[in-house]
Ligand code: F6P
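As a starting point, one isolated chain is supplied in structure tokens, in the form predicted alone.
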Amino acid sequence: MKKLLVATGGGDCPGLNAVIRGIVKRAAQEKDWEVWGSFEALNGLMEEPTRLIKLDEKTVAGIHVQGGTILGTTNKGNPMNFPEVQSDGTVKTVNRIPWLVDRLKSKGFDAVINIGGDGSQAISQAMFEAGMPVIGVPKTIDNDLSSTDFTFGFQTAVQTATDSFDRLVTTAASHHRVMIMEVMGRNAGWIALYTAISGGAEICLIPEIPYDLNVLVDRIKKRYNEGRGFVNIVIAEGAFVKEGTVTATKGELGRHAVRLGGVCFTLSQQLKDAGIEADIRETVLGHTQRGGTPIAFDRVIASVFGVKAMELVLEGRFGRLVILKNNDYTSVPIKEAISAYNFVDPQGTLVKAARGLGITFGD
């Protein structure tokens, strides 16, 4: 029997289980492949004793409707920069990719399907270059992986954000408030932009378009002067004022040096200091965008990604990332996919459409 290892890395995301199920169900149609899962990304393989689980159709039955991942996940323990405690007590990061590839082969694994975002796919590429047959599956609610039109989990995150935004609109109108809702996305404003358009926001602030505080103040005062008496703002966690910096704290030991979050409070204070007298309230959606049942769109993408990933394994086309492009499921080299970050284009169709709907980006 040939052995396939499946891992889910990085932040959790609606649709992860659907990918796992798609891989296992497609593999079950072959007589010479068995599928194993590694708990908490590749940590389950790197630890001693290993924490692996054999995956079959019974194991994955019905999991496509569940949020999270049955394998668990983590954004710590990156084998490219693995923390090792030295004899003097200090911590040094080392490259454990060669060791990891040797370990995979010693355990009898013939291929790996690594499900994750840009950080996880950088690990996929490193393993591939070290001689391990690897297939990548793009996963992130941020939709910041290039080469694919959408990553699974993104649409569910947008739906969650839109549902929350709709509720804030009604309370803003009732109390004549300025409501600021902060969404995830790190350095890309996709969730904020989609939510602003679908929810009918007055203001949308994203990392790709630094905002001018004076523009925001004028827009808010105009809304109140026209008698509408409330304003709804969507702000991405990575947004920042012109000539300013992002709102962040020092990150934990992992692949992100900083932890974003709290920019809605920064903006709130900026508006108050600039003379906005209206009652301002802030909401941080945070990890609610990551959890819960994936919507049908993401279940479909994730399921097809899983099947396609297994088929690439069967075809021996390794070092590739499954993608959705122009409504077609295909693949590109992982190296190509991680070579560029998928930013929102300030001159793109969606931003122009948002402006046409009267949404202000603060520039």
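Everything numeric in this text was worked out from a predicted model, so none of it was measured. Numbers for residues come from their place in the sequence shown, where the first is 1.
Form predicted in complex with the ligand: not shown, discussed below.
- Contact between residue 259 and the ligand in the model of the complex is found at the 4.5 Å heavy atom cutoff.
- Taking non-hydrogen atoms only, residue 159 never approaches the ligand to within 4.5 angstroms in the model of the complex.
- Contact between residue 153 and the ligand in the model of the complex is not found at the 4.5 Å heavy atom cutoff.
- In the model of the complex, at least one heavy atom of residue 75 sits within 4.5 Å of the ligand.
- Between the ligand and the residues 195, 232, 124, 140, the one pair within 4.5 Å by heavy atoms in the model of the complex involves 140.
- Look at 183 to 191, 220 to 228, 203 to 211, 87 to 95: in the model of the complex, residues with non-hydrogen atoms within 4.5 angstroms of the ligand sit in 183 to 191.
- With contact defined as any non-hydrogen atom lying within 4.5 angstroms of the ligand in the model of the complex, the contacting residues in 269 to 292 are 287, 290, given in sequence order.
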